[in-house]
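Take a look at this one chain, the form predicted on its own, written out in structure tokens.
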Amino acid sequence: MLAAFPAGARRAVIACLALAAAMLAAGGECAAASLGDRFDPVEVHGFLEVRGGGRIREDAHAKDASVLDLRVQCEASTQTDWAQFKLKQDIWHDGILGRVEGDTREAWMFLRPTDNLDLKLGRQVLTWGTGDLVFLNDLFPKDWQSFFIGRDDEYLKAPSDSVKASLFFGRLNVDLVLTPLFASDRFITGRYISYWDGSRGALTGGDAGLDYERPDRWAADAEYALRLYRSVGAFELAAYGYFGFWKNPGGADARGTAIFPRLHVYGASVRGPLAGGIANAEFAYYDSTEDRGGRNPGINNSELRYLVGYARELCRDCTGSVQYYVEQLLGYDSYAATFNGRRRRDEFRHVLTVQVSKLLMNQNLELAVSGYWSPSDADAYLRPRIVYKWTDDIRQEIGANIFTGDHLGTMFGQYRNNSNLYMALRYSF
């Protein structure tokens, strides 16, 4: 029967069946009896969720429904004197694709060999940097596709199969992350969301989705990430390095196939208290190593990226943040001279973001909105949502993804026909 499912779903089902078998074998207390008393009882949590949404504008390149998911997530964790273990598995029926899908969100082991060394090995969700839904030095995989169609915020961060080592030296701490096989973003391909194809000069999606070639050589196509951080008074300082590839397709080869050129990123950030709130600033230099001069129109130019932000409590149970983000395209004269598309990028892209969240009714009701506005691109993205907890176990969510823009070739303008409303009901256990 499992042969009828895609490979990812088969792996997910097998993992969950193995977990269930382990739970049953352990007895009613979910203890790892076969391993004696060395392991703590296994803690099991999860949820069952139904989520549906539809477009509010007609899109000739996509279905009217934006999301149709029936999802179950199971999370199991335990520990012993020498290690911690965690497995988080999702299985869902995707009504848009008409099939069962599976995703192992986490499957890791955590070790502390010495007082100043932590190791985390396996599938994990990683994050660093100071931005609020804006990522400069965080080059770990994202899933903007799930975010834009109305899935839970949790799924914006995609997992990677990595080894993370954290070293603590008192004044200076170090995080090292090795990902043996490149983990790209889960980027827009046209299966759920139509997008602007610059090579065709038109919107595209569905069966005419993106044709791409991802680096897939074990070890040879590895990624390396580094963070050095320390505190100076009340301020947190950090420096970053990344050595891998553009996380989204960063160009095209002679056949027109989208590719992922090599990329090095160097950056820094600072965060600390200011005027009753928390201020942050972050910088990143994107070194597109395969075309540093910017003369190859088939490879992304290098960039500088800047971010400043401020967050504070606006009133009781109400928080807000504002950020100003800039992308500067380097080698712009060379880019302009070789550009052969329909709409040329500006040298500077400016984006203002606002996030506001308010809790009501004994914190059972949350009203939240995230907004992005680019004055340079003349486009915007708005994500309002309402979350209500009926009980400790039952939660309902209603939200929207609204895109607008004057030009189809801009970041948010290309998605304006994908604006959608969605609703979800979740039972947690």
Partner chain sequence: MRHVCGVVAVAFCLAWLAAWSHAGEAVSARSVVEMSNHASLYQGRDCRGTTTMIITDKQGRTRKRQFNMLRLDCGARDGDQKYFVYFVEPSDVRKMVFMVHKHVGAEADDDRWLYMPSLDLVKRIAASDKRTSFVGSDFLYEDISGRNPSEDFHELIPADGPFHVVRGTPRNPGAVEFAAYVAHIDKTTWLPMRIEYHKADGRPYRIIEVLEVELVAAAEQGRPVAYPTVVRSVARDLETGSRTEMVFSDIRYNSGLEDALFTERYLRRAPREVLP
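Numbering follows the first chain given and starts at 1. Predicted, not measured: the structure shown is a model, and the values here were computed from it.
Keep in mind that the form predicted together with the partner chain is missing from the display, and what follows is about it.
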Where, among 329 to 337, 189 to 197, 295 to 303, 316 to 324, do residues come within 4.5 Å of the partner chain in the predicted bound form by heavy atom distance?
316 to 324
Please determine whether each residue of Q79, G272 and S428 possesses a non-hydrogen atom within 4.5 angstroms of the partner chain in the predicted bound form.
yes
Decide whether W108 counts as a contact residue for the partner chain in the predicted bound form under a heavy atom distance cut-off of 4.5 Å.
yes
Closest heavy atom of H264 to the partner chain in the predicted bound form, within 4.5 Å or not?
no
Using a 4.5 Å heavy atom cut-off, state whether N364 contacts the partner chain in the predicted bound form.
yes
Against the partner chain in the predicted bound form, would D216 count as a contact residue? Criterion: heavy atoms within 4.5 Å.
no
Work out which of W128, F182, W92, W144 lies within 4.5 Å of the partner chain in the predicted bound form, going by heavy atoms.
W128
Just one of V354, A234, L178, A202 has a heavy atom within 4.5 Å of the partner chain in the predicted bound form. Which one?
A234
Under the 4.5 Å heavy atom criterion, name the residues of 38 to 71 that approach the partner chain in the predicted bound form, in sequence order.
D40, E43, H45
